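Shown next as structure tokens: one chain only, the form predicted on its own.
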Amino acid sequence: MENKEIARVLWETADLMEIAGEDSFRIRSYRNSATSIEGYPERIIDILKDENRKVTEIPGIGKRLASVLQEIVDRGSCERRDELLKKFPPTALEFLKIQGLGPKGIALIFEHHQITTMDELEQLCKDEKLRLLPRMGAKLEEKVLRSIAQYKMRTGRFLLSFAHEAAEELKKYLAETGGVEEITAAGSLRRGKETVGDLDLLVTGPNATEVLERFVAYPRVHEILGRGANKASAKVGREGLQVDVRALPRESYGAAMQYFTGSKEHNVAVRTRAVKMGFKLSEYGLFRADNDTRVAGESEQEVYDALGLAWIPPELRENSGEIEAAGEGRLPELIELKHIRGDIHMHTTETDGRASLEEMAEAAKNLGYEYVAITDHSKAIAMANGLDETRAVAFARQVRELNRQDRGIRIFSGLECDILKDGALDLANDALAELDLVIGSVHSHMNLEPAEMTDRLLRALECPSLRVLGHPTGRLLMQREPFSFDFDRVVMEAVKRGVHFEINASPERLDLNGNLVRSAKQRGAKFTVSTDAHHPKHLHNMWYGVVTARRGWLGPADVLNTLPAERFRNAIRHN
């Protein structure tokens, strides 16, 4: 059981305790423990197994919580959580995913209305009864209705990062079978979609069918959905991710990979092309239509070659012009993780990060980066102890001193500066001008009318120190929809002023998304790809940002932080 899963159980328990109106100190201790565990560099399960170690060595973990952690690791839950789930309907945890409610709001609903399902909550809003409760109102009721609609759309979807981690864990487990040549993830995970519905794993090798037996015996399998000669399906983990494992002969591996990677629209277009050329294409191979002679199938490359197409990177397979480009030799050279030379959006303990400036820089150096930009929050984020003008100027001075030392990595002074409701930046420009890199981001007032939000962003772009527009649409995947504004108008103004658009690699954001990235690129925009890391381990999320950039057809030249350190410095220098 990974730290993130343990932390989630603690968060859920704390939320249920708040719904029940329990002691605030105890609730806070569960939440603080969840935060500590989620960011802890070692696996909690390994510490618990080590007779010479104690989890009470972790800050915030006492003897009582240590026993709770052991219980969570042993059976996936804890006694207090189980008791509360008996007291409240099972959907209590689902209600917590509805934007605008929170534990106190849910407690109020349970106090006045005997509802147990999401449909009943939705009907409560449609009957305009939610607005009658204390501290609710018509606007919140509308917000809850919108959130319920979004929740229903995303049910059964998982973040790209969750699917990726699940796939890597399963691949490692299945490879222990022996006699396996390849285990590869296909489907929307391979295409880098921001959310994934299920997981497809394709296996080849002499013992490929034995992998199916090992899969259904996987300790995290909760429900076996099917087991045939060449395929096994099961629900995995508490979250219920459906995983399909297919055993394939080597000669059809490439055709199956092409077929199961998708997308459906891409496959239909490719099969239509095959038919016009006198072929039949399926997951078993490419065959001549007149005599069923096999033409290709062992590799994707030979399938696309036989159809007169260059091999198409999976991230582009959405039937959005990639087939025509492949046929005409116009596919772009896509950015790769190796092209990224620096991570330029991260936070430290100076505000809401979990590691010091030195620790973040050292972690980035260990990943092979040439430089980093430290971009803590500005003062508008009071709960994060954001920097005011005095602290920002002092920070710039501190970084200049650090760079006089030989640390093996260049550090740029930066700030993630809040874009206020009226579009002004949170700090005065004379302070911002002291910094190397200013990222402007919206963190509040996200429900403005589209015209007002557009004006807000346009005014922010007027700031002469602004270099990057951070997580430009404000979305949180499966939690918060992007705010509405005139995207094309903002892009054109950003291009005019030389402001880059961030592709935020945090798996919960992936903002901008691939479609908007491609649209902005076509209008001349340039980009950054950064992790928004709050802990050294978050620096590894860069891969998700790169995948998103690839989905937007970006090459290395489109991304600012592919530049060597000196050229990067010149590119962000104030005029």
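Owing to the predicted nature of the structure, the values given are computational and were not obtained by experimental measurement. From 1 onward, residues are counted along the sequence shown. Between two forms, the rigid core is the largest collection of C-alphas that superpose within 1.5 Å.
If you look for the form predicted in complex with the DNA, you will not find it shown, but the lines that follow are about it.
**Q** Against the DNA in the model of the complex, would G105 count as a contact residue? Criterion: heavy atoms within 4.5 Å.
**A** Flag for G105 set to yes.
**Q** Just to confirm, P134 within 4.5 Å of the DNA in the model of the complex by heavy atoms?
**A** Looking in the model of the complex, residue contacts with the DNA include P134, since a heavy atom lies within 4.5 Å.
**Q** May I ask you to state whether N429 is within 4.5 Å of the DNA in the model of the complex, using heavy atom distances?
**A** No, no contact at 4.5 Å.
**Q** Is it the case that R80, even though its partner is missing from this view, gets within 4.5 Å of the DNA in the model of the complex, heavy atoms only?
**A** Because a heavy atom of R80 falls inside 4.5 Å of the DNA in the model of the complex, the answer is yes.
**Q** If contact means any heavy atom within 4.5 Å, which of 312-320, 272-280, 489-497, 93-101 contacts the DNA in the model of the complex?
**A** Of the options given, it is 93-101.
**Q** Scan K338, K264, K139, K87 and let me know which has any heavy atom within 4.5 Å of the DNA in the model of the complex.
**A** Of the candidates K338, K264, K139, K87, K139 is the one lying within 4.5 Å of the DNA in the model of the complex.
**Q** Among the candidate residues R410, H443, R190, R475, which is the single one with a non-hydrogen atom no more than 4.5 Å from the DNA in the model of the complex?
**A** Exactly one listed residue reaches within 4.5 Å, namely H443.
**Q** Every residue in F25, Y30 and G60 with a non-hydrogen atom within 4.5 Å of the DNA in the model of the complex?
**A** Judged in the model of the complex, F25, Y30 and G60 all sit within 4.5 Å of the DNA.
**Q** Once you overlay the rigid core, does the Cα of R81 travel 2 Å or further between this form and the one not shown?
**A** The answer is yes; the displacement is at least 2 Å.
**Q** Using a rigid core superposition, assess whether N515 undergoes a CA shift of 2 Å or more between this form and the one not shown.
**A** Shift of 2 Å or more: no.
**Q** Rigid core fitted, is the C-alpha displacement of A533 between this form and the one not shown 2 Å or more?
**A** No, A533 moves less than 2 Å.
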